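To begin, one chain is listed below as structure tokens, in the form predicted on its own.
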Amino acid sequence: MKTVLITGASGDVGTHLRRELAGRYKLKLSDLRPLADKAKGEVFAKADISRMADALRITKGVDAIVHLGGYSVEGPWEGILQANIIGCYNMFEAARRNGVKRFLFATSNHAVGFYPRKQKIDHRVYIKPDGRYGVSKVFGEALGSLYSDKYGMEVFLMRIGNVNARPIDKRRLSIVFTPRDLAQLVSIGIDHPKIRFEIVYGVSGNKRSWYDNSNAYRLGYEPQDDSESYAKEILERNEKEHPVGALYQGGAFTHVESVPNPAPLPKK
């Protein structure tokens, strides 16, 4: 059974993923925040990935890394810099030094958020980040390319939409990514024997998707869920979007300077 490190394990996505992957792998979990509900068999290591020593410590002895950790929304540059730029570099470099060959990076739809909603895009499009957060995800994608080409690391980049059991608004009808579809795609990233460097979209099989996800399907991804069953209910609300955000796939990130952080760090 492979040992898999999940960073950001205390967050919403990490919590869903831990539940879905239980029993498939030996899970080593890490976060700067405490983990209150550690399950049997899980190992937890508190770490600040902006410190190289911590990144080196948690990446020892693992077969694969699922890197979810970081500042998860648009916000102040200093927070994004420490977590998503310095922290992301530390994780790739620590993985290299410790001989971890397989690295899954949770990039984001916000790396390409300034594409218009009327345009369907695939994994080969030029990057169009919609904010500082999106830029940090583009940085992580570039690191993945570097570490794959220069050091032979096997890198799987997932441009994640919105991980949730169901869509909560019109925009998320296009980008929702259910927990069981998340777990399926992550398992492909961990186990597929021919991963070298791949970019896929982390979304379910949504009829209204803005993404041509054929690269994920080529690797065996068969999403189980589609948001369409929620469309009538959501569209009947007739919710109003900001006129700029409504044009672009990135939504509010295209016009705001910050959004509330769903996973703030505990006060010291």
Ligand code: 15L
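Throughout, we count residues from 1 along the sequence that is shown. Just so it is clear, the model here is predicted, and its values are computed rather than measured.
Keep in mind the form predicted together with this ligand is missing from the figure; the text below concerns it.
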Is there a heavy atom of T178 lying 4.5 Å or less from a heavy atom of this ligand in the model of the complex? no
With the partner left out of view, is Y133 within 4.5 angstroms of this ligand in the model of the complex by any non-hydrogen atom? yes
Report whether the minimum heavy atom distance between G161 and this ligand in the model of the complex is within 4.5 Å. yes
Is I85 a contact residue for this ligand in the model of the complex, using a 4.5 Å heavy atom cut-off? no
Please identify, from 121-129, 86-94, 161-169, 146-154, the stretch that has a heavy atom within 4.5 Å of this ligand in the model of the complex. 161-169
If the cut-off is 4.5 angstroms on heavy atoms, which of these, V100, L173, V73, A183, is the one near this ligand in the model of the complex? V73
What residues, if any, in 108-124 have a non-hydrogen atom within 4.5 angstroms of this ligand in the model of the complex? S108, N109, H110
